[in-house]
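To begin, one chain is listed below as C-alpha cells, in the form predicted on its own.
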C-alpha cells in the first residue's frame, strides 16, 4: 500500500547575481510521501516544474556532502532531511544556500573560502625525515591511539558547520570548525611530526576566535562534534606554549579567577586577559560599564561550598597531568 502523501510548500531561494537585482523566494507545492528527502523534492521541482533551478548534489546517500544547504534556517544535508517533519514543525520548507559563502546561483555557493581555510591547516601528515613510513609493511596504531581521533575521520567536508558558524561570519580570520577539527585529527596522529608547530601556529591564526556556541556540532550530519575538538586544541595549545595569546590568557585567567573565589572578579579578569598595558586601552569601555554596573570594581565575596569547588579543580588537574 502506497504511503499517504502530504502537501509540501517549498519556498526556494532564487538568485543569479549577474542577472537579478536582489534575491527572491519562489513557491513550489508538491504532493509527497512524508519520508521523501528534501533533495528529492528539489530534483522533482527541477524535472517537472522549473528546469532553471540550480543546486549541487552527487551521491544522494549522505556520503559526499555536496547537497548541504539551509533548510528552515538550519544547515544540513538535503538528501537526509525528510519533508514530513519539516512541514509538520514549520508549515512549509524554506530552502536557502549555505551562509558564509557567496551565492553563485540559487542554491549553489562559492566554496573557495571554505577550502582556503582547509588548505591553511596543511591537512596532510608531516613525517619525520629520520623516521620514514615503512614501505613494505603496515604502520599499526594501538586502540588507544585510534580512540584519540574520536569521530574526526567521519567528516565529509560538507561545510554545514562552516555555514552555521557565527565566528566565520564575524571574522574571516577564523579557520572554521571543519578546518580545526581536521587540524586536531593530525595533531593527535602518532605518525605526524608537526604537532608542536601546528599547535604554536594556530594560537595566532584564529583558534581563539571560536565563540563556543556549539552550532557547528548541532549542524554536523556525522556527529564529528567539532566544537569539542576545538576545545581540545585550545587545551593542548596552552600545554605546549602556555597562555601567550589574548584568548588563551583569558581562558587561564577565567579558570584561576573562579578557583580563587568561586565567582568572577571581572576587573581582575580584564587585567589577566589584556595585561597592564592592554587594560589601559580598555579604560573608556570600563567606565561605560561601571556607570551601569558599579559593582564590577568590588571584589566579589567567595561563594559557599569552596571545598567542593576545589575538589573539582583537583580532579581536573589530575586529568591534565595524565595526558
Partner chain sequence: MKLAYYPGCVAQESGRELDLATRWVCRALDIELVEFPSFSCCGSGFVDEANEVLNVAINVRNLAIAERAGLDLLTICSTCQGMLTLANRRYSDPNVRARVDRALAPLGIAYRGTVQVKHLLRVLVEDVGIPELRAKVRRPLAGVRVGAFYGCHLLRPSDETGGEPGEEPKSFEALLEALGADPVYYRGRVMCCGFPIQFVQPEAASRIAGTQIAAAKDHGADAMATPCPLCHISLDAYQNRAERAVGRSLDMPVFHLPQVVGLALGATASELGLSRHLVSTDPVLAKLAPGARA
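Each form is matched to the other, and the largest set of C-alpha atoms that superpose within 1.5 Å is called the rigid core. Positions refer to the first chain, counted from 1. Since the model is a prediction, treat every value here as computed from it, not as a measurement.
Heads up, the form predicted in complex with the partner chain isn't pictured, but that's what we're talking about next.
The closest non-hydrogen atom of residue 311 lies within 4.5 Å of the partner chain in the predicted bound form.
Although the partner is absent here, residue 235 lies within 4.5 Å of the partner chain in the predicted bound form, judged by heavy atoms.
By the criterion of a heavy atom within 4.5 Å, residue 157 is excluded from the residues contacting the partner chain in the predicted bound form. At least one heavy atom of residue 210 is located within 4.5 Å of the partner chain in the predicted bound form. With the partner left out here, the partner chain still marks one of 22 to 30, 44 to 52, 58 to 66, 255 to 263 in the predicted bound form; by a 4.5 Å heavy atom cut-off that stretch is 255 to 263. Across the proposed site, 228, 269 and 303 without exception bring a heavy atom within 4.5 Å of the partner chain in the predicted bound form.
214 is the sole member of 201, 222, 105, 214 with a non-hydrogen atom lying within 4.5 angstroms of the partner chain in the predicted bound form. Here is the short version: of 166, 242, 91, 153, the single residue with a heavy atom within 4.5 Å of the partner chain in the predicted bound form is 166. After superposition on the rigid core, displacement of the C-alpha of residue 313 between the shown form and the other one amounts to 2 Å or more.
Once both forms are fitted on their rigid core, the CA atom of residue 20 lies less than 2 Å apart between the shown form and the other one.
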